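Take a look at this single chain in structure tokens; it is the form predicted alone.
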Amino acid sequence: MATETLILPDRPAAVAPLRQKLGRDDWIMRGAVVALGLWLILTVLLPIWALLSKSFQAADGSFVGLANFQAYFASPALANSIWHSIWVSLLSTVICVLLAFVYAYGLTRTCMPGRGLFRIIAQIPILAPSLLPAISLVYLFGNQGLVKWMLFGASIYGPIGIVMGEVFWTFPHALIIITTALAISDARLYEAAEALRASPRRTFWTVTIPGARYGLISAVFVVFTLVITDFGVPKVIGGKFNVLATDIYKQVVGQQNFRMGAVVGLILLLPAALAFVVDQLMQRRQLALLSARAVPYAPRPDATIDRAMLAICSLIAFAILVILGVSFFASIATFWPYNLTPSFKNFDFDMMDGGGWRSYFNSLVMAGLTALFGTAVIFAGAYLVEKTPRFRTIRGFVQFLALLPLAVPGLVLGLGYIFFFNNPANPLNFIYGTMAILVICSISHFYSVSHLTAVTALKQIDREFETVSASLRVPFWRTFMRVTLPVCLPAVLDIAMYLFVNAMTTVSAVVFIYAPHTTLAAIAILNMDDAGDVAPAAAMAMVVFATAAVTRAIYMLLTQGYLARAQMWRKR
């Protein structure tokens, strides 16, 4: 019997996975991502590096190691500024977060009347430069203040004034974060606590606080960073109480000691960067608080709690309105506090030592250009980082650069711009002292928050749009203009409004790099206050506030109009 031999076919060799060939759009998007990365390196990373390098150099540019830091800590007055900054920032943070939590609890967890009005009042400090509360506090508690007796002989010029001014200025920032945290809750947890007959106090500490803990932690780090890096409040009302922010200004502007200014800038960068890193680590640990089966929490009327929260929120809102009202009345008073007859002489800025009305119009131009070009660069950049296929390493690096300004104080960034762009060897030296460098610095300073806003909006759009467009061979820019941009228009308007308002009110980022012909409104407020023209400084602050408020109102009208048209389109 013949045996059949089974012959097996040769085993095919391993086939390498096919890699999709890059098309023209892919190369264009990759090139744009690289260009964005180079832009961020040029406007953020290199100025910071120039600052760091300067702190280790002598006056002739030679490397001296830690000699500048040794000289700094050898001066007790300068070294004490670190401790002053830390404890004032901690105290301001505790007070601000506690007040913001109570206020947010009243807005989200009670049925007290007037919640919409309270929300509007709480946003007022965002529209004002940080110099405004300091000026108002001088009129209230200064040597000729209306209610200076309330301090029982203590001076407002120092830590008391700094803490009060910083709490006012940072309050809405903490409130936004904590309100968001309290608004996200599962009603089933409270129903379970009620079924277990837990007392309201126990429910508060075992359900409410744990659910909002990440928002509270984030608010703490945000407020701490804002306070320790703020320049406006301590400059106006700090008196002889030195902090790091005012030390930088005195070293650079007062003594022209750029090396020591770089040292203080680096020291100021460390706590801000540390707070940013810890905040990012805590956010990564945050878990989703709402599942698909969650029931949104709706507060139930409780006469006792509603009345108590109404009283507390009314006091906080009243304090905010008093700060704003005092600046307004001081700006229109003929001669505070002796002649309170209304007059507009304080608005004759051309007669004051601060830059005149030209400073205000410079601010309008600078803020408008920042909003226009900043919105275009930031939103397009976020689109490229989010939608570019593959290219993961470069996109990750660009994402890091986009978030870096969030950890860099405005004073530090502005000082870095001096060292980098004022260097004669820099080919871009020609923009120093122009409006262009103010616009670039402002865009860089406020880049991170705007970038995160854009990325959040882009993540809500299904990637299927890009996939279908690519299969139909539609250029990515056409999809961007016809689909992505219209859908994300509210976020685009939000970014533009954010950039405009912050560019109008900022002091720290531009205080070192403005020129005599590019003086801004916030700088004019500072200069008039230094010259003793406090009432005109209050008047300019009110003009800036009014401009920001009008911009905010226009933004709300545009947003509501867009949402109304979108809702009508969906019904059709």
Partner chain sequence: MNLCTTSGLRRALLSIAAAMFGLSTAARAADLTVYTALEADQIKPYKAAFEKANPGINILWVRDSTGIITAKLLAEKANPKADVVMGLAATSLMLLQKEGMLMPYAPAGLDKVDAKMRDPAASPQWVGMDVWASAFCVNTVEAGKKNLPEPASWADLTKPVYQGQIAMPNPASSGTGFLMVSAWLQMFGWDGGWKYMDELHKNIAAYTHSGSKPCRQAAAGEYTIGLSFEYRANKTKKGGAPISIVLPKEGLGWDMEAIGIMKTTKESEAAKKLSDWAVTAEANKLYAENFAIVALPGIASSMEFIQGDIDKMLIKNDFAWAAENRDKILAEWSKRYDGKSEPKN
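All of these numbers come straight from a predicted model, not from anything done at the bench. Numbering follows the first chain given and starts at 1.
From this point on, the text means the form predicted together with the partner chain, which you will not see here.
J.: Pick from Ile431, Ile316, Ile86, Ile95: which has a non-hydrogen atom within 4.5 Å of the partner chain in the model of the complex?
T.: By the 4.5 Å heavy-atom cutoff, the listed residue in contact is Ile431.
J.: Going by heavy atom distances of 4.5 angstroms or less, which of Gly532, Gly65, Gly31, Gly61 would be at the interface with the partner chain in the model of the complex?
T.: Comparing distances to the partner chain in the model of the complex, the residue within 4.5 Å is Gly532.
J.: Checking a candidate spot here: are Gln144, Met352 and Asn422 all in contact with the partner chain in the model of the complex (at least one heavy atom each within 4.5 Å)?
T.: Each of the three qualifies.
J.: At 4.5 Å between heavy atoms, is Gly261 in contact with the partner chain in the model of the complex?
T.: Contact check for Gly261: no, nothing within 4.5 Å of the partner chain in the model of the complex.
J.: Using heavy atoms and a 4.5 Å limit, would one call Gln123 a contact residue for the partner chain in the model of the complex?
T.: Outside the cut-off, so no.
J.: Look up in the model of the complex whether Ser444 has a non-hydrogen atom within 4.5 angstroms of the partner chain, and give yes or no.
T.: No.
J.: Mark Tyr214 yes when one of its heavy atoms lies within 4.5 Å of a heavy atom of the partner chain in the model of the complex, and no otherwise.
T.: Looking in the model of the complex, residue contacts with the partner chain do not include Tyr214, since no heavy atom lies within 4.5 Å.
J.: Pick from 264-272, 490-498, 400-408, 244-252: which stretch has a heavy atom within 4.5 Å of the partner chain in the model of the complex?
T.: Contact-bearing stretch, as computed: 244-252.
J.: Can you tell me which bits of 223-241 touch the partner chain in the model of the complex, meaning any heavy atom within 4.5 Å?
T.: Pro234, Lys235, Gly239, Lys240, in sequence order.
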